[in-house]
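Given as structure tokens, the chain that follows is alone and in the form predicted alone.
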Amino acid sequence: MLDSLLITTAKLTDAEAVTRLVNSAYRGEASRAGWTTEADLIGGQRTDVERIFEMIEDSDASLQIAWLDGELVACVLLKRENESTGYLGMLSVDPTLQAAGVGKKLIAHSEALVKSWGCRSMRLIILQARTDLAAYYERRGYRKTGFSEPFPGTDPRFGVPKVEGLRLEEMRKHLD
């Protein structure tokens, strides 16, 4: 099935579909069909079309999208933070396809792309409460750095916390 997965760079015309995908993977009832849901921790949207436009137009970033049989099924934001470090964010997979290997394939693609930029490491941020997500990234070679910070619960564009004390935690991987 994944042999026909096509990964491309997002265009502005993809922004609405990407927004729907990201929000369905993390928030609301649709997200409960997969394992990446944050619906019990954060309410509201994960992103909006304007933010996706900004990502697509950012010259230091690349929003990669994955297609399966002509349908948008996954995306990931990659950003060059400096000469040696890339950032992986907003990895989103259609909830009905989670655990099918799409995310794993998109991470491998992302790491190869960031390495081609000359970066030697990749950084990402997860919700500290998502121990299952931390374990997923640890199986792919990412390690917790010990750095964490409070979730920015003051901007409803990124969601509204449903529980107190949410923290963001950094993970990092050296790219061989």
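One rule holds for the numbers: they count along the sequence shown, beginning at 1. Predicted model, so just to flag it, every value in this text is computed and none were measured.
Omitted from view is the form predicted in complex with a small molecule, to which the following refers.
The stretch from 64-72, 146-154, 48-56, 130-138 that comes within 4.5 Å of the small molecule in the predicted bound form, counting heavy atoms only, is 130-138. Although the partner is absent here, V18 sits far enough away that none of its heavy atoms falls within 4.5 Å of the small molecule in the predicted bound form. In the predicted bound form, the small molecule sits within 4.5 Å of a heavy atom of Y26. Using a 4.5 angstroms limit between non-hydrogen atoms, Q98 touches the small molecule in the predicted bound form. Not displayed here, the small molecule is kept clear of K79 by more than 4.5 Å at the level of heavy atoms in the predicted bound form.
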